[in-house]
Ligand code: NZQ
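A single chain, nothing else alongside it, follows as structure tokens in the form predicted alone.
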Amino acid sequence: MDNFIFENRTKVYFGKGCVREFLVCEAKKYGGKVMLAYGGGSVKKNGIYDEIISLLRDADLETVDFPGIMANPTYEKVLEGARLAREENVGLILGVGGGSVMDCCKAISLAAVYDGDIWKDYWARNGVIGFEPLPLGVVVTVTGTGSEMNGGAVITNEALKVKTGRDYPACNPRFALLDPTYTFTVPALQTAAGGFDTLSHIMEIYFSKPDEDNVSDDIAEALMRGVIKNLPAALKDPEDYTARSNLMWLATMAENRVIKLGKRTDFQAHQIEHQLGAYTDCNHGCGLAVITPPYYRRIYEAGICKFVRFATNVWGISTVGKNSAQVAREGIDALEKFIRDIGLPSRLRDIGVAEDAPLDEIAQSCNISPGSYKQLTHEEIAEILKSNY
């Protein structure tokens, strides 16, 4: 394994009833108002908002709402939240929702205490955080991104048409509350998209050097098999607690940095989808479902040993009577079938991308991943997008 340094300061409370049991004792540590941040209102429809606000108010904690965080959070929304946090003298941001809410809140926690331009200094390039961001806690209601246990935040700068993410350990939530029952009401498409996002995170770490036996790859294979088993079960029965709890922890394990240890990581498919999302505002998990199989068909020969291992150890494909290329392609075929079986799209037109979308421009705007087995050209990225319209 390659050298690494590991850091993760997020304290996780996991299981049914953990919000009722632990939220107040954590929130009281930070003083001042609690800024309750959430998305489009589903937390009000399913009763989660009422439960949380009652817990905080019964504990004499003052709250201020920050609603309306969108699926692809924008830099403008981050600045709006930072202004509110400063004006209201907020002591704690409490993000209630999925990855978009958590990502937005991390960026707000930084912007609320920083005098400069956080996009220029921390998202356009890697910066160094030499101060403490505003404390952040999260209550997860949608699984997939794993944002609850890292400092990563993907933000869209609409003016620049750039969607990018950075992971700063200082932006890790101080605490994360994961109650699988909170995900029971998540719609099927969102469940499938979130589950595939989890699988994509794992694959994009797995499909990178080193290729010698290492603990990170071993864990990654177990996590991938877990997603493949539990996601269909949750789609079949949305209140299957075992499946929902496994999916919740699988998402966290995929992005809490553990399986990245000693790995280069790829994330080229994410880089492509981020720019596709910056231009079209498409669903993240659905975009990944469209992009990932054709991307892997482009690179598998350069990482043939790992793709064979993926086919055999994750999908159970036999190697008898086949060469390595055949086995590797069958693994990608199995992935493609899984995407269809869980109801996700395979074409850009199916996720609302217009026929006249500037696919060449989108491709040119993509970052090229240095960790990929085969570094694509911008022209190859354009071909992937066009061939899967």
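Numbers for residues come from their place in the sequence shown, where the first is 1. None of the values given here were measured: they were computed from a predicted structure.
What follows is about the form predicted in complex with ligand NZQ, which we do not show.
Contact with ligand NZQ in the model of the complex, judged by any heavy atom within 4.5 Å, is made by just one of F207, Y295, Y182, F196: Y182.
Out of the listed residues H270, K263, K77, R257, H270 is the one that sits within 4.5 Å of ligand NZQ in the model of the complex by at least one heavy atom. Contact check for P173: no non-hydrogen atom falls within 4.5 Å of ligand NZQ in the model of the complex. Residue contact with ligand NZQ in the model of the complex: P73 places a heavy atom within 4.5 Å of it. Contact between G39 and ligand NZQ in the model of the complex is found at the 4.5 Å heavy atom cutoff. Residue contact with ligand NZQ in the model of the complex: K306 places no heavy atom within 4.5 Å of it. Only one of 187-195, 218-226, 127-135, 297-305 lies within 4.5 Å of ligand NZQ in the model of the complex by heavy atoms, and it is 187-195.
Shown here without ligand NZQ, the chain has T141, V142, T145, S147, N150, G152, A153, V154 in 139-160 lying with a heavy atom within 4.5 Å of that partner in the model of the complex.
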